[in-house]
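Just one chain is shown here, as C-alpha cells, and it is the form predicted on its own.
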C-alpha cells in the first residue's frame, strides 16, 4: 500500500511542475519540476499570487483559465507562452524566443482557506512548438523562391475577405508573371530561368510591408496580397514594383525578346462573393496586360 509519505515522494519526483492554485491566483502548493533542463525550484512561489509575478494582461489570462476550469469541472489543455516581458521585475532585454508551455488545468473537489482550487500542470513544449512552427513554414513555403505557396496565400486571402465583409478593411491583389521566360529558358537553360524567378522573388520581398503576402502561384506566376490597401495605393505599389522588375530583369533579355513583367491589379469589391472573385479579376487584368502587348500594369475595377 502506498502511504502519505510515499505519495508525497511521488509528487516531488514529477518531471513537470504541478501547482495548486486558488481562484484568486494564489500558489497554494508546488510539486515536481525535477527536470532541471527546463525548470527551477518553484517552492519559493508558495504564498505568492500570479499577479505578484506576472504583468496584468498575462495574469488576467491565467486567472481566466482558472475560472473556466472551475466553472466547467473539465480538464482544460491550453498552450501558452511566457517571456521576460511578461514577468514583473525583469528587463525587456533577454532571450528573443519565449518559452512555450502546455498547461493542463483541472478543478479539485476541495477548498483551501475557503477558496476553490485547481491543479495546474505545466509542461515545457518549446522544442515541440519550434518544430511545429518550422514544419508549418515548410508546408507554406515555395522551395525555389522562399516565398509563400498557393495554400498559404489562399488562407490569408480568406482572412482578408472576412475582414473586408465584416469591417470593410480594403485589400488589394496583384497577379503578375514574367514575359518571355520561355525564350530565356531556350537560350540559356532552365537554371537561368530559375535565377530570373528568384530575382523577382527577391524584389517582391524588398517591397513588402510586414503584413503583406507574396506567393509563387505556379511556374512564373506570382500573387501579392496587400491588406489595408485601396485603389490608389495599390496602383502606386504596382507601378513601383513593375519599374523595379524593368530595371532588374533587363540582364535576362534575349535579343529582341526583352525580359519584362505583366501585372494585373484589383481590390476587393462589395460584389465579390469570396476572395476567389477578387483573384479571378486580378487574373483577368493580367490577361489584359498580356493582350495589350505585355510589360505593363492593368487595373481591373
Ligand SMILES: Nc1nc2c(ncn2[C@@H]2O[C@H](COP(=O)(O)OP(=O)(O)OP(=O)(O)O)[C@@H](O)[C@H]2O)c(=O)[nH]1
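Nothing here was measured: the structure is a model prediction, and the numbers come from that model. Residue numbers count along the first chain shown, from 1.
In what follows, reference is made to the form predicted together with the named molecule, a form of this protein that is not presented.
| message | Heavy atoms within 4.5 Å of the named molecule in the predicted complex: which stretch in 133-141, 101-109, 167-175, 185-193 meets that? | response | Selected range: 185-193.
| With a 4.5 Å heavy atom cut-off, would you call residue 154 a contact of the named molecule in the predicted complex? | It does not: once the named molecule is placed as it appears in the predicted complex, residue 154 has no heavy atom within 4.5 Å of it.
| query | So, in the predicted complex, is residue 160 in contact with the named molecule at a 4.5 angstroms heavy atom limit? | reply | Contact with the named molecule, no.
| said: Can you tell me if residue 280 lies within 4.5 angstroms of the named molecule in the predicted complex, counting non-hydrogen atoms only? | reply: It does not: once the named molecule is placed as it appears in the predicted complex, residue 280 has no heavy atom within 4.5 Å of it.
| Interface membership of residue 180, the named molecule in the predicted complex, 4.5 Å heavy atom rule | Taking the distances in the predicted complex, the answer for residue 180 is yes, it comes within 4.5 Å of the named molecule.
| request: Report the residue, out of 147, 122, 197, 117, that has at least one non-hydrogen atom within 4.5 angstroms of the named molecule in the predicted complex. | output: If I apply the 4.5 Å criterion carefully, the residue I get is 197.
| message | Counting any non-hydrogen atom inside 4.5 Å, which residue from 86, 212, 78, 220 sits next to the named molecule in the predicted complex? | response | It is 220 that has a heavy atom within 4.5 Å of the partner.
| task | Residue by residue through 262-301, tell me which have a non-hydrogen atom within 4.5 angstroms of the named molecule in the predicted complex. | result | Residues within 4.5 Å: 290, 294.
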